Structures are given as C-alpha cells and as structure tokens.
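Have a look below at one chain only, the form predicted alone, in structure tokens format.
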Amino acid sequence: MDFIDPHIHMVSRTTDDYETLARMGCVAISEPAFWAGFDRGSADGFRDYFEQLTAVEPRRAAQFGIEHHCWLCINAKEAENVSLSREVISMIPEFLDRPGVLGIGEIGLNKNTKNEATIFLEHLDLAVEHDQLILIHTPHLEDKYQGTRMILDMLCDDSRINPDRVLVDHVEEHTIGEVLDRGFWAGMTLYPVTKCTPDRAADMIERFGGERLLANSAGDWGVSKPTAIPDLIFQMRRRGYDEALIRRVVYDNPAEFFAKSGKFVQPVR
C-alpha cells in the first residue's frame, strides 16, 4: 500500500532510509523544521538549515521517487532564546514561496514556558499574515497534557485561526479527544518506546475512527523508526481493519490536509 509520512526528519537519516521507505511504499513525506541535535547559535545557522530543507532534501528524496515537502519555523526547544527566535521568524518569509514549503511548523511548546508561548504566538502571526498551514509540536511525557491544553487554548483564543488548517501532532490517549473535538487534525507519532506504538495507534483508530487522523514516524535524532507506518499498516491488517480505513489514515488524510496549502500534488504512480 502506498503511504505518506507527514512528519519525518530526514536530515537525521541516511540515504539508505530513503531507499528503504521507497521500497516499502512511501510516495511522499513532509519534514518539519526542528532541533538539530544541538542549539544553533545564530540566524545564519537556520538560514543554512532552511536551504537544506527546501533544496537539498528534495533532491535526495527524488532519487527514489519520493516527493519531499517541508515546514519552516524555529522549534520550541530553541524558542527560549527570544531574540534569536525573532531573527529567524523575520527570515522565514524569504523561503515560503519555494515549491515544497507547506506552512509553518513544527511550532508549539517544549517545557511550557512563557518565552516558548511568546514565540509560539509570533509564529501564529506569521502563519496568518502569509496564509500558511500550521503544524503543531506538543510536549513530551509529563508536560504533554498541560502543554497541549495551553496550545489549544492559544489557538482557539485567536479568531483568525481556522482549526481545519492546523495539524496537532504527537497526540496520545489523553490528548487526542480534545484535539479532535476542537476541530483540529491530529497526528499520532509512532515511536518504539515513547509517544505511541503502532499497537496503541491502532487502539486510538478503533476508538476515534479515521476522520482527521494521521500517523507518522518522526524519524529523528533519537530512538525512532522511519518505517513505523508500514508497521501500523501491518497491525491494522492483523486486526482485520478495512483497507479503505487503513488507506485513509496513511494516505488520504495527509494528502487532503497538505492539499490545503495549494502546493501539494498527489504523487503519480
């Protein structure tokens, strides 16, 4: 089955991972801007990173027939540095017209601090000003529930934000319901240990259905598995799920959401 990975950090993966993904049915990915494994010290570091996301990675992916798309921001881990964050935000419009850029993301909170919230709101201003889709990062572990509630409240308090143009990622059992109830799209990140295993994701699909629900691997610097979506497909088939529901979660929903950007074209196979 063809699938789309809507959140995977390929700058942290080898070219062999692209080949493996292609062999397993991946036809398109989107790569949110995120942490580089260390805190960058200047806006020029982000300029080079955005060049990598918008020019270099699409060429790597194209070698294996995979469409590469991306999102731009300064991530929540580095948003504590407000002055650097504002420099980066002011630079982002230079890249928004590039073909593969889908929107602003992944923005959100890390430790739920005041500075993080300030920069999150300034990213929202940027997204609204340039009519961009928004991809949200929700915090990990003990900070997730509070951080997710804070993020949803900030989004819902801004009358300019259309929930149908926002994907809230890294949902888990205790946050998915409110995300969907408030009209947002929800992403389940499939990690071997933290976040959400394929088995837990299948449980959530069974509970909430397939509407506005996506699955991704994240595939970043930590312990992660870029082929986690095929694992979910296997798990859903093992449970006897209808093929149309499986396709909806792993292909149709990301394609529908990304199409709202005006830049996503469904891959031709």
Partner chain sequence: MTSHTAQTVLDECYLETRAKLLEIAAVLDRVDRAEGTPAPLTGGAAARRDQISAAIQILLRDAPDRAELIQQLFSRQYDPQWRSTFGLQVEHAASSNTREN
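Residue numbers count along the first chain shown, from 1. Note that the structure is predicted; figures quoted are calculated from it, not measured.
Same protein, other form: the form predicted in complex with its partner chain, not shown, and the subject of what follows.
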property: All of M24, D48 and E67 within 4.5 Å of its partner chain in the model of the complex, heavy atom check; result: no
property: Contact stretch among 153-161, 131-139, 69-77, 97-105 - heavy atom within 4.5 Å of its partner chain in the model of the complex; result: 153-161
property: Heavy atom within 4.5 Å of its partner chain in the model of the complex - the one residue of R40, R200, K225, R60 that qualifies; result: R200
property: Interface residue in the model of the complex among I233, I205, A33, A28, criterion: non-hydrogen atom within 4.5 angstroms of its partner chain; result: I205
property: 4.5 Å heavy atom contact, R149 to its partner chain in the model of the complex; result: yes
property: Its partner chain contact in the model of the complex: T113, any heavy atom under 4.5 Å; result: yes
property: Its partner chain contact in the model of the complex: T118, any heavy atom under 4.5 Å; result: yes
property: Partner contact for E87 in the model of the complex: its partner chain, 4.5 angstroms, heavy atom; result: no
property: Residues from 168-200 in contact with its partner chain (non-hydrogen atom within 4.5 Å) in the model of the complex; result: E172, E173, H174, E178, R182, D199, R200
